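Heads up, the chain below is alone and in the form predicted alone; it's given as structure tokens.
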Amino acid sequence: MLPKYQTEVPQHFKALFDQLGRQLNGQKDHHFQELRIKGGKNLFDMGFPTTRNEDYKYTALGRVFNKEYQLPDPKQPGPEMMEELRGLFNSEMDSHRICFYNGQLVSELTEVNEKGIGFFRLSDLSDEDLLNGEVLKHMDHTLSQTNNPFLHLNTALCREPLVLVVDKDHRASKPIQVVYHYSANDSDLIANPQFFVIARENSKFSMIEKHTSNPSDREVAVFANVFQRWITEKNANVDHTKIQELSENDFIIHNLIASQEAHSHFYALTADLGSRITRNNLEVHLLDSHTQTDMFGLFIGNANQHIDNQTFLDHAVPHCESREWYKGVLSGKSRGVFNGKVLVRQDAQKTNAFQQNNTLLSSDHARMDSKPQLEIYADDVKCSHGATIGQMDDQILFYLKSRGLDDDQAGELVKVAFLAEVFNSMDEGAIKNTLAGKVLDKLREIQ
């Protein structure tokens, strides 16, 4: 019997699961295949959520999971697509490069060649390798604990998990640039990339992750169902920026679970500029004291776009700090959702937690649903949360136009100023400049 407020998983997902199993028959002895089977079983036992499920109240996903998708072709892309993929990297940024095409690694365009940073296919690690056992253990624990069906779907349909490790005491000399590109040709396509990232004790690195897809003049859609698991060990410092700019008939569900050990810093910025339906599931677990967690979000919606940010921050130990600030601009008939929860457990004394969501509506038909939450069981804490939803201020626009700006210039300046706090949170200059350019382009589209 399915849990309350869930619906059955369409049978075509079972067909995809069986199809991938036949393709991976040569890897049937690898322990990840046991997790793949576990993910499939959990998915069908759990079902998909309906809007009667509180966490999905404002986001109907029926149009996402009722399509009959095809799995990506396991072959490497051809010369024309290789050239297109190469052009998606920021050539002005000196960086390591990792490339995914339809959720699968493109080896020819992947280059991580710094001593102290390891990048592996999970299937290339032997059963005796300690890293293999560590990764499988974390994955198994995640599948056993989560009630997110899209994590189970990802594991069930993932062909090849990837692992990135930054060694103990290593300070990366340059950022890591990761491109995920999706392309559906004759039929709807589902991609399930899985990425495991470990920042060892006292390490430091930055990553910029970009999701793109082919133009929206095609009839078929892409469903990108991404799962990332991040481990941040003692004194590690991680800076992660994600820019999502899929075409406006595609869907993306991005699932990221991070954990932090003592004196670590985890910074995550999520920027959503594209796709028809976006759902971000971000959760961070603080496992030891004196951690710093920063979760920033930026979203710009237009036309019928739907952007849903779900966050969960688990303060389970004392003496930890967190900042969470999501800001967005919505135009046309777009809709935004923010559902952020900060849990402060009984032992988490001396917690300092800040949570804020602000949205600017530049259209009478745009809509925002905001639900910041604090759940506090400790008494010696400093916690605050809030939300604002408002429209463009006519007086400010009038003032700017009286100084010589036209309507479009005045509106753009107000929106950029509104989003400024998110940009100011960024330390990495090259990544900041990349994001700023894309945000300006998107804002000019919706004038």
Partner chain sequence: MLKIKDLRVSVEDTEILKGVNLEIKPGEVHAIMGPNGSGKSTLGFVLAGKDDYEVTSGSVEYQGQDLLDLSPDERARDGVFLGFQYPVEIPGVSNSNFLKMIINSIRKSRGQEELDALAMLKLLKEKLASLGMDTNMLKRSLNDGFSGGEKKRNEILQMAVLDPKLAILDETDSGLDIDALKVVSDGVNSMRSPDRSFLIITHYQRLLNYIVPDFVHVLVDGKIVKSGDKSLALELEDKGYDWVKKESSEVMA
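Every value quoted in this text rests on a predicted model; they were computed, and no experiment measured them. Positions refer to the first chain, counted from 1.
Separately, the form predicted in complex with its partner chain exists; it is not shown, and the next lines address it.
Contact annotation: A420 falls within 4.5 Å of its partner chain in the predicted bound form, judged by heavy atom distances.
Contact between L35 and its partner chain in the predicted bound form is not found at the 4.5 Å heavy atom cutoff.
Under a 4.5 angstroms non-hydrogen atom cutoff, its partner chain in the predicted bound form has Q409 among its neighbouring residues. Put simply, K401 is close to its partner chain in the predicted bound form: some heavy atom of it is within 4.5 Å.
Stretch-level contact analysis of 374 to 382, 59 to 67, 40 to 48, 391 to 399 against its partner chain in the predicted bound form, using heavy atoms and a 4.5 Å limit, identifies 391 to 399.
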